[in-house]
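In the structure tokens that follow, a single protein chain appears in two forms: structure 1, then structure 2.
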Structure 1
């Protein structure tokens, strides 16, 4: 296992393109040893390019890649000792489960007894112990994906385990099981894991740290809690969370902010650099109340979405759409107009799409 550093690494698939159009804009990143990271972001945001640069399948246009301080930028994939699990199960069809798992070790010329012991240990951990002699191609898709994962785990010296949306092609029912299994395994073997996904639930439930990417940049890095509670930009607030964070355009008042002519107190005041700053609040924190009070606004119901145990109420607040996520047992307000309370500590000010700094 190793600590991975990207020093000023950027990449463009098109030679001589302007930096603005690079698939990955030059960035500085560190992946600490034995931690799990999730890279999230929409398609084409540079996640897979970043993985490719780490594994050596892509040579960056600029910058150096360091594994434990050693420069590996010019080393081929083979020499980097990286394990990768791809989007769909990649197995060697002509081989048995055992041979699939043993392949990376045979490529490294381990001796037979050592290979055997290691393959059996990993197969046991993955519940593939009883199927070692089967032809790998006869297994189900999720078992094949386990083999892909297993091939990454048999080498106990890998620098990092990269997973590129490994659960995309898996049945929804099996996703849960497989995700738990991957988690158990990574806790047991403790590799440095970098997990790419566009599914925020997967990312939040799996990783100790999340990196949100957009347009070839890392826009925020932090724990799932940090990303949920304090998105650094409206983009992150919109991308993380379901439904996404509410953003309301407000005005500067004599004291603090105002929304629809009524005073609004945010967690802290936005600097007066623009006339119309925004505030963000998670739908989870918007409350339906009966008593008027501070930060309480009249609202009008527009629609209701059923999310199982919860409901998402779409309301109109001072002419702007706001979503509130409420427990199912709270019911839907019987009247068309009611009051909505926005707790002060959960209201974050944004200026030009970025979280305003504390004054």
Structure 2
């Protein structure tokens, strides 16, 4: 596998377009060897363009692409030694499972014994060991996608494994199983993986690092925990998490912040600026309490969403909507007005949509 570097890489599909209109704004990125990354964001954010540049399907308008320090910007896909897994499994339906997995090795003129050992090793990891002689056309969609993945894993010259929304067409009931299996396989074989998805659940359950994209830019990169606990912007707080992060407009008070005329203590102070600041808190950290105290506010119930083992309470807090994610066994408040506690350490200050820096 390899380390992949993007040096001032940007791309426009429209000639002579202003840089602000480029599909991918110029950026510098490094994908370390043997780590798994997920590119997440809504349609049109630039994630597929970025993957296309790495694969060689798209030549960037600016910048250089480096694999282990070697410039591959002008090399075609077949010269980059990458493996790709697409939305729709690309397999040879007339071949057996064994022959599908062996095909890229035969093309590289491996000897028969070496091919057999590698195919069987990968097939066992994919839980396909007992079906090596089965015709690929008879397999389920998720098994076909595993074969597509396996064809990249059998090779020992792959610089990176690029996956473009590989679970989009998979039945929802099978996604969880296939997602877990892909993660187990990548942990076993440790390829450099770059995984494109619009599904935050796939990204957070699969990748070691997430890159959240918006408008052709990477707006935050970090571990799933870092993006959940400390979104760098209200956009990331909204995109990561379900329900998304609560954002409340607050005011500066003599000794900090206030919400609805009551003192509110945040994890750290927001700078004194002209714009009214906001605070963000995850629904998971909003608590229904019975006793008043610091950072405790009166609230009214507006609705309830049933999420199985959990419920999402929609409440009105100081005239603003807030969601609280609570265990089913906690029940729903039986009174019109009740108290909500916002833990200080979980309240983050935002100014002009950006996470305020520590004073």
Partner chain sequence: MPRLYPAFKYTVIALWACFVAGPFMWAATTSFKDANAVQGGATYLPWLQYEPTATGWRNIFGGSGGVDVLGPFLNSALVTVAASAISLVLGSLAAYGLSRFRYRAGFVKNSDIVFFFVSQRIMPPVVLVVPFFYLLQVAGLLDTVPGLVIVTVALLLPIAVWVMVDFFNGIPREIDEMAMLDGCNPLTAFTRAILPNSLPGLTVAAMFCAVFGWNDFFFAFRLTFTEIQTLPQAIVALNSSIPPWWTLSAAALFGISPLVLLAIWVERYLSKGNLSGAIR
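Bear in mind that the values here come from a model prediction, so they are computed numbers and not experimental data. In this text, the rigid core denotes the largest set of C-alpha atoms whose superposition between the two forms falls within 1.5 Å. Numbering follows the first chain given and starts at 1.
Asker: Just to confirm, one of these is the form predicted on its own and one is not; which one is it?
Answerer: The form predicted on its own is shown as structure 2.
Asker: For residue 284, state whether the C-alpha moves by 2 Å or more between the two structures after rigid core superposition.
Answerer: Residue 284 C-alpha, core-superposed: shift of less than 2 Å.
Asker: Superpose on the rigid core, then tell me if the C-alpha of residue 260 is displaced by 2 angstroms or more between the two structures.
Answerer: It does not reach a 2 Å shift.
Asker: For residue 94, does the CA position differ by 2 Å or more between the two structures when the superposition is done on the rigid core?
Answerer: Shift at residue 94: 2 Å or more after core fit.
Asker: By how many angstrom is the Cα of residue 116 displaced between the two structures when the rigid core is overlaid?
Answerer: So the C-alpha of residue 116 has moved 4.5 Å between the two structures.
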